[in-house]
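Only one chain comes next, encoded as C-alpha cells, the form predicted on its own.
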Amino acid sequence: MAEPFIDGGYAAFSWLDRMTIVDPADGSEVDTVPSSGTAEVDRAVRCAYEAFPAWRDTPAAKRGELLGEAAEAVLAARAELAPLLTSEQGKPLREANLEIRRFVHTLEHYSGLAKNIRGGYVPDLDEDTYGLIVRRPLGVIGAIVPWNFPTTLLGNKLGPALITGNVVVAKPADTTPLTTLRIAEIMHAAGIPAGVFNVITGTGEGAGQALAEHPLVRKIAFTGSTPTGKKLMAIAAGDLKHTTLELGGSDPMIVCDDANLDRAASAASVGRFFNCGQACLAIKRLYVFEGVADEFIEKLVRKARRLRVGPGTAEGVMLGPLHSPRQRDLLEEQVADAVDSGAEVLHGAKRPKGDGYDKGSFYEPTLLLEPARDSRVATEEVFGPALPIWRVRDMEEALALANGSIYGLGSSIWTSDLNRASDAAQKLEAGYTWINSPQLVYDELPFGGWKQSGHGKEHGIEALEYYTETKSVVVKRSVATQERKATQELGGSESVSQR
C-alpha cells in the first residue's frame, strides 16, 4: 500500500479511506493510496514551510548540484519507473520511458541554470546612493499535476521551483500518484533534503482544494482543464497567491499546398495519437488546403491504419488505452456528435474488438472529415485519439478558423514558403507555434497558453521569474563613512607636506 511522502519519508494515514489505483488496460488493481484531506495537507505544507529557510539559504550552485544528482538517480531507476507509470496511466512502455527521460532532462536543464539567477544594479539613484534589485524565492509551492503526463508535468514545476530556493508540496492526480511517490523517495535518497519535496495523495476536491486554500502556500502551479484552472484562480485570489496555469488546448495544424506532405502527415499522426491523444498540447483541428487535401488525407489514413492498439506492456503497441472508462465515454459522445453533424468517418470511430480489449478503455485512432464547424470536436477540447479534418481555400480562411477558438495553446504550420509561415505565425493566437516541425516542447523556450489556455510560463529561463519575487533595495553610503574618508584624505595631505 502506497503512502504520501512527507518530510523525507512515507507517512501512514491509517484513519483515512483509501483510493484504488487501477490499470487502464484491464481494470485490475495496482495499489491503493490514502484520500487525504485538510489535516493531512496541512501536515505536508507545514513540513515544507519548516524546511524552506534552510533550502532558501543553500547557495544556488549547491541547489543545482543536488538537483542534478537527484535527476541522475531518477534516470538510473527508469527500468523500475517506466513499468510503474504504464501500470497506472496506461501509455505504452516506450512512451513511459520517454516520459521519465523527459522529466530527467527538465531537472538537468534547471540544474544547469542554477548560476543564472540574476538580480540587478542601478547606479546613481541620488547622491552617494545606488539601488539593488534582489530576486528571492516565494516559499511553499503547491504543484497540482494531472494524469496524462504525471512525471513530465511534475518536472515542469519541480525544476524551476527547487532551483530558485522554493519548497514543493505536489498533489498528483488521484489516479496516477504512484510514480510521483517513488520519484520523491529516489530524489530524497539522492540528497534533496527532507521537507523540500513532498507528495500528498487525494482527490482534487479534497487534497487539491485544501492545498490551494492553505495560507502558507504562496503559489499554485497547475496543469489541467480550463474549468478547474478558473476555480483555482478564484481560490488564489483570496490570498493573492501567485499562479501558473497551463490549461486546455485545441491546437490547429495548417497544411499548405506547398508543404512536404509525407512529413506533415507523420507529424499529424504523432501529434494527434501520441499518448492516445490525451495531451493538452496535441493537434486537435486539422486544416488542409484544397489542392492537396485528397493526397494528404490518403497518407494520414494509411498511417492511422498501421497504429496498433493494445495494452501498454504489449510489444509493438502504439496506442494504449484511454485512461478511464469516463474518458472514453466522453470521447464517444464527441465523435457521435461529429458524425451526426455530417462528418465522414475515414477511420476508426469505434472500440476495437477481440481478446484483450474487453476489460480496458480502448478506442481506435479516428479520423473525421468535415464535421460541422460548430460541432463539439471543433469547439471543445478533445482528449483522445480523434482528429477532425477540414478543407480550406487559403491561408486567410485557415487562420480565421484556427483562431476561432477559446483556446490558444499550440499551433503548427506546414509550408515551404517561410515568408508565408512567418506571417501566419505572427497571426496565430497561440503561445507556441511550430513551422515544419513536430510538436516538441523545448526546455530552452518559454511555454504557456493564450486566451483560456492559461497564463504564466513554464520552461525556459523565463519560468524562474514565476517562482520568485523581486525586491528593491536602496543603499546610501553613510555620513560616517564619508567623514572618515575625508579625514583620511586630509591626514594623507598633511603627511605629504611634512615630508
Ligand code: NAD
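Because the structure is a prediction, the values reported are computed rather than measured. Position 1 is the first residue in the sequence shown; the rest follow in order.
The discussion below concerns the form predicted in complex with nicotinamide-adenine-dinucleotide, not included here.
Among residues of the shown chain, residue 246 is one whose heavy atoms approach nicotinamide-adenine-dinucleotide to within 4.5 Å in the model of the complex. Of the heavy atoms in residue 269, none are within 4.5 Å of nicotinamide-adenine-dinucleotide in the model of the complex. Using a 4.5 Å cutoff between non-hydrogen atoms, residue 252 does not count as a contact of nicotinamide-adenine-dinucleotide in the model of the complex.
Proximity of residue 135 to nicotinamide-adenine-dinucleotide in the model of the complex: non-hydrogen atoms within 4.5 Å are absent; the residue sits far from the partner. Against nicotinamide-adenine-dinucleotide in the model of the complex, the set 146, 232 and 409 is in full contact: each member has a heavy atom within 4.5 Å. Shown without its partner, this chain lists 97, 379, 228, 341 as candidates; in the model of the complex, only 228 has a non-hydrogen atom within 4.5 angstroms of nicotinamide-adenine-dinucleotide. The partner is absent here; in the model of the complex, the one residue of 172, 160, 321, 388 having a heavy atom within 4.5 Å of nicotinamide-adenine-dinucleotide is 172. Just one listed stretch, out of 341-349, 293-301, 371-379, 196-204, contacts nicotinamide-adenine-dinucleotide in the model of the complex at the 4.5 Å heavy atom level, and that stretch is 196-204.
Of all the residues from 204-230, those having a non-hydrogen atom no more than 4.5 Å from nicotinamide-adenine-dinucleotide in the model of the complex are 204, 205, 208, 209, 222, 223, 224, 225, 228.
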